[in-house]
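Here's a solo chain for you in structure tokens, the form predicted alone.
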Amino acid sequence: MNAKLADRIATIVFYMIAVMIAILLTGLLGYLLYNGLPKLSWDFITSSPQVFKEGGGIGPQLFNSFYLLVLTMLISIPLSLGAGIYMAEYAKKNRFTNFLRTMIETLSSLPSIVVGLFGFLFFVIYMGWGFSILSGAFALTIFNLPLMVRVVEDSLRSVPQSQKEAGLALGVSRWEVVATIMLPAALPGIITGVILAAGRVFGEAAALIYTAGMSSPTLDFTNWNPFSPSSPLNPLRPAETLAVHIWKINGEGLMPDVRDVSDGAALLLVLVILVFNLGARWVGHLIYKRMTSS
């Protein structure tokens, strides 16, 4: 087989794979829209779910998903930034660094159910936080760290070495080079990692069953005292998220319209992830322009 024929066959194969992926995603989104769109309404999005009657909503579960996302990102981003900067700029090439990198890769391959059981034993029981948003946030942080650390490290390594050397040649410190030159240049890659991690927070269910719980107390959205049991901001209350709610009602839902609620919640979950991704990229683009003046 000559090189020209091999190139043509490879091009056709890659186009076919791209078309198959596009058809698969379009079919999945079309199925969700067809089944879930009739259920979506403002009342469905904001009202509380019903256990035995039809007509319930997913308001608390949707709020819990966003609140869990915020707490998880507040924990994950500083830790992953620090670890990624260390691995890219400060860690020496030795056995300890290789061992550390191997541990990070191993951690990224752990099944979610294992992380959930660890979170249950450590955060729920040993730390005494019970089934709570805080326990769920720390369990999801374990998920996010390997991905985000690697993304930060790879993004920093992809910055041209000449930029770093130019900064050092001006006499600024190593940390100032990292903070004012390397991080702004690596920002698009870091934002991609944050978006991937955030999508995982929205869609994760197995680990949250053992940490954040499968119920949500009656929330008073006029009470913003974080120490009150009925406050939406209380990080130590149980918090069933949207993904866990979909899993639960499909397994043990007793309401007559359980299928409609499941379809509507699944569509809303996909739309929320889509809007979040687009919004995060837009905000990241603005921050990148502001920091680099480009």
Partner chain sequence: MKGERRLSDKESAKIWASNTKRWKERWGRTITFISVSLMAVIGISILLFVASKGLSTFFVNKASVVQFLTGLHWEPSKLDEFGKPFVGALPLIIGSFTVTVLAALVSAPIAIGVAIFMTEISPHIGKKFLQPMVELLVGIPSVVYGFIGLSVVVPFLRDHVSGSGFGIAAGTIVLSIMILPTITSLSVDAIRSVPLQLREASLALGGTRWQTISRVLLTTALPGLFTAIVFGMARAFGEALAVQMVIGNSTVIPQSLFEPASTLTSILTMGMGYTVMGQVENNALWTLAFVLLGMSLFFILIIRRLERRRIYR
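Please read all numbers here as calculations on a predicted model, not as lab measurements. The term rigid core refers to the most C-alpha atoms you can superpose between the two forms while keeping them within 1.5 Å. Numbering follows the first chain given and starts at 1.
This next part talks about the form predicted together with the partner chain, which is not shown.
Comment: 114-122 is the region of 181-189, 114-122, 217-225, 158-166 lying near the partner chain in the predicted complex, near meaning a non-hydrogen atom within 4.5 Å.
Heavy atoms of every residue among 85, 142 and 209 are located within 4.5 Å of the partner chain in the predicted complex. Proximity of residue 269 to the partner chain in the predicted complex: non-hydrogen atoms within 4.5 Å are present. In the predicted complex, at least one heavy atom of residue 26 sits within 4.5 Å of the partner chain. Among heavy atoms of residue 47, none comes within 4.5 Å of the partner chain in the predicted complex. In the predicted complex, none of the heavy atoms of residue 255 sits within 4.5 Å of a heavy atom of the partner chain. Taking the partner chain as positioned in the predicted complex, the residues of 244-268 that bring a heavy atom within 4.5 Å of it are, in sequence order, 246, 247, 250, 252, 259, 262, 263, 266. Residue displacement note: residue 27 has its CA displaced by at least 2 Å between the shown form and the other one (rigid core superposed).
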